[in-house]
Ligand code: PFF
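Shown here is one chain on its own, the form predicted alone, set out as structure tokens.
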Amino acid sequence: MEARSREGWGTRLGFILAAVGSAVGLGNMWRFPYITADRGGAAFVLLYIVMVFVVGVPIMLAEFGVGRRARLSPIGALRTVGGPRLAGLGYLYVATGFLILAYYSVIAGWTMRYTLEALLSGFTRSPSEYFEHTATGTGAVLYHIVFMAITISIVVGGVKRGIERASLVLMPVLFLLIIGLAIWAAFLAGSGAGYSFYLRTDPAKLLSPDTLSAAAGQAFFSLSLGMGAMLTYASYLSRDENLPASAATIAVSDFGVAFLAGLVVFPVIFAFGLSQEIGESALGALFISLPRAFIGMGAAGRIVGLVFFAALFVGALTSAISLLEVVTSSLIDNWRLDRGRAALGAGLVIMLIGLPCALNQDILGLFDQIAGEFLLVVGAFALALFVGWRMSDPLGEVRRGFASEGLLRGWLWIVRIVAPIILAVVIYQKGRATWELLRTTLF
């Protein structure tokens, strides 16, 4: 099922910024700093880098290759390249992106609310009570709906006029905000203690399956792999695009933002004496501890808080755009809907599915564990096996950009052997954790 009038990116920069925008989001600024602190500091960072460049980039190249060859979204692309039975993997990709956006939009709504709070009234004097009151309920539902409406409006505009145009504005803004915050945080009294905590090393955790699993899960969530986003974006690429260079650029940018986020969060927390709260939760860090720090800074804290939560909102929006595009593009390719109806229909259904997450944080956590932790890795594992062992001439689609034939064949053997072995271990770890959460939450 070939898409005859396929949209395309206007410029290479537009594609790169859109793909980086898909990768850079709440996974970088919400989860990465606290997972790093919880999983051994520099030991986790090292494993995360290994996962990104040894497993993540090769899998990203595999997604790019499938998407560009078929010039279709996940369902049609995998059916075209791998036959009817592979369409099931495409459905898994679409379902994963669908479920992730359903709860992701709720958290993104929180970032929008905090941005507006900093802009209009300043942060409340009781951040923990405020978060407990606003994270669920009517307010959370309303911000979830508004955030989805913004996302829908951008995706309706199409690849060039919607996604690319938004990315060309939003991504430079995000980079400037996060770099500015990191520079500012470096001059805080007590920032050294924050850096020390963030980058402390626990060598024993380098050999821990739990740390490996956490690093791999974070890498795939952060790079938008296993959910069809990169495959879909690649389906709009021209044949002369250098896929290896694009994948490397996206990975380096994604890691850079995640690392910089940690260089903001921990110096702020330690500078304002809130280090005792670090073990509570990632949500507590962003929406309770940091507002307390901003309050302690006086008038300047309102400005810094506004910049921080604006950066979070921008990152969340660019990632949400890519997730909605996966579902929208699939409706266009497989059911021949026009873009407006596809984006609006998909967005409304996702918004409705996300309502329970806006009403109950346990349900939000369950969605995150199932889709954001487990299904992502399952999808990546299946794609690695297909591209490595069943896809016809996988080397031909990604050859341009490799410095040598040896490196090209090295990529293929990573996809064939190394990635599946690592991902099988991660699936086992994530599967156990997912089952335990399902058991305790539902039963």
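Treat the numbers as computed from the prediction; the structure is a model and nothing was measured. Position 1 is the first residue in the sequence shown; the rest follow in order.
Omitted from view is the form predicted together with 4-fluoro-L-phenylalanine, to which the following refers.
- Among the residues 266, 308, 110, 221, the one placing a heavy atom within 4.5 Å of 4-fluoro-L-phenylalanine in the model of the complex is 221.
- Comment: 4-fluoro-L-phenylalanine is not present in this chain, but in the model of the complex one of 232, 167, 319, 105 has a heavy atom within 4.5 Å of it, namely 319.
- Residues placing heavy atoms within 4.5 Å of 4-fluoro-L-phenylalanine in the model of the complex fall in a single listed stretch, namely 24 to 32, out of 414 to 422, 382 to 390, 395 to 403, 24 to 32.
- In the model of the complex, 4-fluoro-L-phenylalanine sits within 4.5 Å of a heavy atom belonging to residue 323.
- By the criterion of a heavy atom within 4.5 Å, residue 77 is excluded from the residues contacting 4-fluoro-L-phenylalanine in the model of the complex.
- Contacts between stretch 234 to 255 and 4-fluoro-L-phenylalanine, counted in the model of the complex as any heavy atom lying within 4.5 Å, involve no residue at all.
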